[in-house]
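Encoded as structure tokens, the following chain is the form predicted alone, with no partner shown.
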Amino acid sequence: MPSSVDMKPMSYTLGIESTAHTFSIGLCDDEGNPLPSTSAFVRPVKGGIHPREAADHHAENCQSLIEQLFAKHSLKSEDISAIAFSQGPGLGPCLRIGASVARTISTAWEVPLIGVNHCVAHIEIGRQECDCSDPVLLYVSGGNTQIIARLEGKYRVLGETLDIGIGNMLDKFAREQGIPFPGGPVIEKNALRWITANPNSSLDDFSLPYAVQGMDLAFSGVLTAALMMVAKGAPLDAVCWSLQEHVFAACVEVAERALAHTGKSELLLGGGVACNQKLRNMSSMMAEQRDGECFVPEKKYCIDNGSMIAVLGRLRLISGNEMNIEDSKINQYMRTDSAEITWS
């Protein structure tokens, strides 16, 4: 057995997440295991997320979050072997703060710099934590909704929202009802309260437009109809229930088509809306009916977090994707299928 003197000390990849309302610093060790992140969140009192205000929030919190993370895990700068950051997609001002912090630390500590695709980071940490090999990903977040599968060396987008992300739609509906950000958890609570008290409710009584457009999705019309239903006097809890049922069914339908098209048997959920238990239940039921399996990572890895950025950063680093400072410009419109998958 080797002595402690012969053992190689553990090193860590540090990940910086700053795509939208969350600024998060996370880690993974040199075997790819994620450690809990430290995070700060923008919670608008009125209206949605203002990109510049969110960026100011991130800049104000970056130093304290790094200090908290290092104190929590008893680390020092010498323990960090690489810096990863969200290069896109996301809100430009927010992404620039994360990228600037990453460049500064990488230069000061003389460690490699790796920019990663935020959407792909959700896939990879979910794949790793759930131990699934080749899933179709139903990616449901505030800013996006996509159905993604790995085909011919890339993550291909088989379907996506044509207007707004499902999380954004839920937040917009909630905001109009005076529900503070984030609105999704309150809508979930309201919906459960309604169906528990009214188990025989029919969607025919609270019908909304269907969001499926071929392999794509569109949520603006559903949002408008739900707002009109409340304005006409329908119980808010009932509309929350109907809204969830309609939009989640649409997402699951498109995911099922993707499973059939690709011949895959694993469905993986990712993104903040994947925390919703109703969506999890519907996805699991569909997968089981197809003799497949549905996977969902822990909620802390569904929401935006620095650890998932670190996990993908490590994968990119060991497959030879270290970048130069001049190549680290952010891309707020970065596509999921824009990069070759060079890791296993």
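Quantities reported herein were computed from a predicted structural model and do not represent experimental measurements. The first residue of the shown sequence is 1; numbering continues from there.
The following text describes the form predicted in complex with a small molecule, which does not appear among the structures shown.
Out of the listed residues 275, 318, 282, 40, 275 is the one that sits within 4.5 Å of the small molecule in the predicted complex by at least one heavy atom. Proximity to the small molecule in the predicted complex, defined as a heavy atom within 4.5 Å, singles out one entry of 159, 135, 183, 88, which is 183. With the partner left out here, the small molecule still marks one of 198-206, 259-267, 97-105, 170-178 in the predicted complex; by a 4.5 Å heavy atom cut-off that stretch is 170-178. Although the partner is absent here, residue 141 is a contact residue: one of its heavy atoms lies within 4.5 angstroms of the small molecule in the predicted complex. Proximity of residue 79 to the small molecule in the predicted complex: non-hydrogen atoms within 4.5 Å are absent; the residue sits far from the partner. Proximity of residue 126 to the small molecule in the predicted complex: non-hydrogen atoms within 4.5 Å are absent; the residue sits far from the partner. Taking the partner from elsewhere, residue 237 is found to have every heavy atom lying beyond 4.5 Å of the small molecule in the predicted complex.
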